[in-house]
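A lone chain, given as structure tokens: the form predicted alone.
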Amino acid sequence: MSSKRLEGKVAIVTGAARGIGRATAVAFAREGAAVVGIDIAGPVSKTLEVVPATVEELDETGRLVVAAGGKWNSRRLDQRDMGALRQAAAWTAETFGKIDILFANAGIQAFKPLLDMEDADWHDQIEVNLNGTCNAIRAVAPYLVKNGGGRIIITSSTQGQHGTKYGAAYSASKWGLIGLMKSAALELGQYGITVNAVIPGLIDTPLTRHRRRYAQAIDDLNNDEPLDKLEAAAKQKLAAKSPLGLPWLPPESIAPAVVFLASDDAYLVSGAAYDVTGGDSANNMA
């Protein structure tokens, strides 16, 4: 049963069409928040194997938010577009009267050896993941300042804490997000704003459930086995690495950590990275 820890709060969630974004938007609603879901809901980069999120998926998030008792609205935009983000933030503040919470979650992932990279293989992930998240913070933070405080939570990754073979762009973007989070915490604390990051392990979403990701997991990017056989091999290897024996975590497993960081209970938590990895954090440096 919900404790309504976010009663009366207004939250913006990016990457809301599916995965962690959807699960957290619903969790926010269950805790009493009004939610504005932002997603590009369409193609992001030609470098991706992942099927893009759709308008229908964003609408389904809205249906689930309303079913959970929350108020909902959505905006379709590319977070690389600073102007569009500023317009969405202004619209949210005007419509709901304020903004209390930003969950800057949107991101993309692709794999390519450094020796084979085209410019887009590097730039698209840096632009979406790192620059886009900074854009979201820059667009929303002035409203939190005006509000007398608030919460910013961003989504990094375990791959922002260690290197990733064939995943230099993604890993660099997620390491960069941790530096961004800590720097923002130092700057925005004087305004009563906390800034933290969640560090998910591998999550059971389209971002991780495709041939290229399975092939990377078994260190064979050129693997041409049938997809089901490749998936089984990746699942076995990933599960063996996890102390809890989980190859992938459900998106819903991340949402409680985000809810906590968004709540008044976390009023003295800032500049922190919260791991939810099924034990995979034990493989990383502190």
Ligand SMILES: NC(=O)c1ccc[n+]([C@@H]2O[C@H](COP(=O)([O-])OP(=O)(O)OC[C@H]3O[C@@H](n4cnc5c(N)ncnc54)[C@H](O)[C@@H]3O)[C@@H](O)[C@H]2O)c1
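Worth saying up front: this structure is predicted, and the values here are computed from it rather than measured. One-based numbering along the sequence shown.
Another form, the form predicted together with the named molecule, is not on view; read the next lines as being about it.
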{"property": "Gly278: touches the named molecule in the predicted complex, heavy atom cutoff 4.5 angstroms", "result": "no"}
{"property": "Close approach of Tyr170 to the named molecule in the predicted complex, 4.5 Å, heavy atom", "result": "yes"}
{"property": "Heavy atom of Lys112 within 4.5 Å of the named molecule in the predicted complex", "result": "no"}
{"property": "The named molecule contact in the predicted complex: Leu261, any heavy atom under 4.5 Å", "result": "no"}
{"property": "In the predicted complex, the residue from Val26, Ala34, Ala234, Val44 that sits within 4.5 Å of the named molecule by heavy atoms", "result": "Val44"}
{"property": "Heavy atom within 4.5 Å of the named molecule in the predicted complex - residue from Leu77, Leu180, Ala93, Met117", "result": "Leu77"}
{"property": "Interface stretch in the predicted complex with the named molecule - options 99-107, 141-149, 161-169, 185-193, non-hydrogen atom within 4.5 Å", "result": "99-107"}
